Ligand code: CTP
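Next up: just one chain, as structure tokens, the form predicted alone.
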């Protein structure tokens, strides 16, 4: 075996999310609602050396291809991630995530006085900025720990 050994074996079918910012893999699992109770094989590698990032995480999910909506949300916490779709052990599609202009119904506003946090029938609505998100209702800007705003996170 070469000096570069695989830490986790290849998957037959599914999705490999690579170049996740180091330490964000567990938040990725939360976004994808992967709890470990469904019996689906999932591999998680955290804080491995990376040429582009100082460290990165990798998530391999067998038997599941991510939707565009899932990838949009994932881009908020892993803007450098790449999505690899695997079929019959081969990469059939590889792309970088792109940040959407807006996310609706995904995050909750940290401002307790925001209309979206009251009992009003409105969905949360955030504009995605280069380095932050801005609430469309109260203009609260969040730059750090966006993962904590993800509903059910």
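Please read all numbers here as calculations on a predicted model, not as lab measurements. Residue numbers count along the first chain shown, from 1.
FYI, the form predicted together with this ligand isn't displayed, but the following is about it.
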Completion exercise
Counting ligand atoms of this ligand within 2.4 Å of any backbone or C-beta atom, after superposition from its pose in the model of the complex, shows the site to be open
Problem - Listed range touching this ligand, judged in the model of the complex by heavy atoms within 4.5 Å, from 118 to 126, 102 to 110, 89 to 97, 33 to 41 - result: 89 to 97
Practice task
Tell me, out of 25, 142, 16, 136, which residue has a non-hydrogen atom within 4.5 angstroms of this ligand in the model of the complex.
Solution key: 16
Practice task
Check whether residue 82 has any heavy atom within 4.5 Å of a heavy atom of this ligand in the model of the complex, and answer yes or no.
Solution key: yes
Exercise for the section: Flag residue 11 as yes or no: does it have a non-hydrogen atom within 4.5 angstroms of any non-hydrogen atom of this ligand in the model of the complex? Expected result: yes
Practice task
Could you confirm whether residue 64 comes within 4.5 Å of this ligand in the model of the complex, counting heavy atoms only?
Solution key: no
